[in-house]
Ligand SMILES: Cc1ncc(COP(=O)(O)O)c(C=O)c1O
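Next up: just one chain, as structure tokens, the form predicted alone.
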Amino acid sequence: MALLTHGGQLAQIAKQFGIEQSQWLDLSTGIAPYHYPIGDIPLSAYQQLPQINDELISAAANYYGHESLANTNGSQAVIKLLPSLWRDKSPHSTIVYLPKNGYKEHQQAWQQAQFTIRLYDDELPPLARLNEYCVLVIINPNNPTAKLFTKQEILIYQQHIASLNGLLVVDEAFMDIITPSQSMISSIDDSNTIILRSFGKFFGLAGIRVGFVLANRHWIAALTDSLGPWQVNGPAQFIAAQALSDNAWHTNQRKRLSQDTHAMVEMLQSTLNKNTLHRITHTDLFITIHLNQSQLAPQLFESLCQHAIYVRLCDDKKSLRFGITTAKQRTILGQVLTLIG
């Protein structure tokens, strides 16, 4: 199985460029630069096997606005599991529609399960092109393009896929910062729709590996049974329950991420060469710069790494994705971009 290249591989990059890991500014992920504060964690969370945490389930149900959910060790386990579960449920299904530019673990999982992959660009595939029993995967907003489909747009596809006895998978890993929310969570009852939500990105705690899957009760039961017990460790469950319930922190986090994003976009627009920059797209958790010529992105990636700044060279090799910076980090990045021209 081939390993995909992701951001967040700082140890490998630091070794490659011969610069001590502590010297780097890591902007290679879409993880918030501010994390939810971790207070005292009960010793029992470490000593006992992690049971179903009613406080966490209640907090998640309130935060996401739906009770039919399961907490998982991030989204990755569900992404890997879905193709086999869907094949068991729908043995005639063979075709999966996926975004050409997006989180590639989705594509790899369906390919390994020997489904036929059909890629779409920035717009969803025409309704008339969808096949019976097909799967449509939507990353909303998309990473790294930042493309956002409205809930009304996706509802049309949900209804059409239901008529085809197909499956709709919506990865909403970055939905927490979309206002007003375009989440499909309120429309999953009695449907073959599965929603994936990330905890670590918005709350800045990707290392504790918490995620949630929301679907109708049939799907939640099937996923829970297949994933097995002890998906999320006890300390992580305790932290997530506190974080999901802290509405004041949510409001402040969205405010400062929005302010930093706008300031960073302005800095990039004023600093980057106008002849090489095609456009900038963004959410409040990452910014992607699209360059005019294909060789420019790898060159800029290399130059930034030589100055100990690690960003994400996107799969298309024509764009770079930056995590959102604090004011201090933004100053450092701006100085280096000015220096390398």
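Since the model is a prediction, treat every value here as computed from it, not as a measurement. One rule holds for the numbers: they count along the sequence shown, beginning at 1.
Another form, the form predicted together with the named molecule, is not on view; read the next lines as being about it.
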Testing 170 to 178, 247 to 255, 114 to 122, 229 to 237 against the named molecule in the model of the complex with a 4.5 Å heavy atom criterion leaves exactly one stretch, namely 170 to 178
Does any part of Ser183 reach within 4.5 Å of the named molecule in the model of the complex? Heavy atoms only, please.
no
Looking at the partner-bound form in the model of the complex, is Gly204 within 4.5 Å of the named molecule by any heavy atom?
no
is_contact(Ser198, the named molecule) in the model of the complex, heavy atom dist at most 4.5 Å
yes
Looking at the partner-bound form in the model of the complex, is Arg209 within 4.5 Å of the named molecule by any heavy atom?
yes
Heavy atom within 4.5 Å of the named molecule in the model of the complex: which of Ile139, Met264, Val213, Ile188 fits that? Just give me the one.
Ile139
Of Ile194, Ile79, Ala243, Leu98, which residue is found within 4.5 angstroms of the named molecule in the model of the complex when only non-hydrogen atoms are counted?
Ile79
